[in-house]
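A single chain, nothing else alongside it, follows as structure tokens in the form predicted alone.
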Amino acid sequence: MNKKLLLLLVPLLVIAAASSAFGAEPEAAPSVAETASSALFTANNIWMLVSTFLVFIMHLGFSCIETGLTQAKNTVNILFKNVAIVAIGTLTYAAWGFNVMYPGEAGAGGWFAFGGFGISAPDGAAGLIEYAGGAYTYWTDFIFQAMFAATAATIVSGAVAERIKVGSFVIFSVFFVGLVYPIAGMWKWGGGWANAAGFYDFAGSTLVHSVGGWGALAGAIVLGPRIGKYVKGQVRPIFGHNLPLATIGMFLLWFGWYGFNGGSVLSGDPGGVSLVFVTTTLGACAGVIGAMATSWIISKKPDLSMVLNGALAGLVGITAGADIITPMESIIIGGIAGVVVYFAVLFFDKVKIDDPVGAISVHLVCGIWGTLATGIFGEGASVVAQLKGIAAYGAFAFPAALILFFALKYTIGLRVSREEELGGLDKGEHSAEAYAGFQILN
């Protein structure tokens, strides 16, 4: 081909190609509304996942505070149980618990329903942006709720510490977390009868904490007190071996509670999340002051363990109504919870129910108070409905836990031998030491 002709054709081909491109139909750009909806969905979902790992961190908090408030010779046992509970809770929730707690329309207004075994997200957008109105995906919903599930058995762990067989506790956890908790959760959060009756529990003062507290009470009663706790009618203190670790545990729990309550808004709504953060914080702070003042006045000395439990009492107390309670009301609720937890600890010692970490006082007693307080202070909540809910959950969770503990006691056994208890569960149950190389002086 003639070079001059080629040079002439090249620019003509370029011009023709450009003209064709400019004349082509452009792809439809997403609308402003679609872009905004997608961005909001992403932001909501991210906040829910952040809340999930905040709740997950609470299991480390439970591990630390339970370990710190118990004896050094039982440290491995406490840690082992807390690790096992996370795995048991998540796996049983995946296998059936999620579909018991959230059975869909089948559970509307009822007492029990089952959506099937396993977890499986709806196809396409139905499991993503359309799943919860753009708030989070199906998978996010499952993993957030799964982090709550194990918490109920973790509460029980502290109350039965230092004398329960680890195998028996593991079996108890499978049934309590796998069946009792999701059925109780379905009644309110799954759209069951309690929800239809107007019972209000925003993030679980009853559904999580009182349910776990009822299990803790049943376990402490069936097991009986630790050796040497009550001697000749007197209460003999058995001191925790590591208060710095217990304090770290309390702060980890407080930190995680921002996901526990903040995530229960079920979106990243700025107004809802920020209000819940404020009421949660003020409730905890008031719980600290309430427990500190009460212990200082009555015992004449400020008690650190009571202050730690005061913070948790305030958090448990505010959890039921954190989204509908005003900030100033949250101070009242948390402050009363801090006072209540002090007297609850004394009461359970008086009736010889041994709870090494105060779990029953914190989670059951203050869970009941927080649920009732929501009816007293919360806009739209009813005291009568709250009382009915409290009674119904107690009538279900306590007998269920009693049956499980008695069944274990009279089959495989529930309590370790006297020799194992005195020597420590670390050696007796695990053949291990948490502080190998250090001499532990009694």
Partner chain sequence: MKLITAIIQPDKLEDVKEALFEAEVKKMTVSTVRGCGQQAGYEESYRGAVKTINLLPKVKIEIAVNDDFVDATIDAICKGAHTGKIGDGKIFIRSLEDVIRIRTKDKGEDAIG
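Numbering follows the first chain given and starts at 1. Just so we're clear, the structure is a prediction, and the values are computed from it rather than from any experiment.
Note that the form predicted in complex with the partner chain isn't included here; everything after this is about it.
Taking non-hydrogen atoms only, Val100 never approaches the partner chain to within 4.5 angstroms in the predicted complex. Of the heavy atoms in Pro182, none are within 4.5 Å of the partner chain in the predicted complex. The closest heavy atom approach of Asn309 to the partner chain in the predicted complex falls within 4.5 Å. Residue contact check for Ala197: none of its heavy atoms lie within 4.5 Å of the partner chain in the predicted complex.
Contacts with the partner chain in the predicted complex, taken as any heavy atom within 4.5 Å, map within 318-347 to Tyr342, Val345, Leu346.
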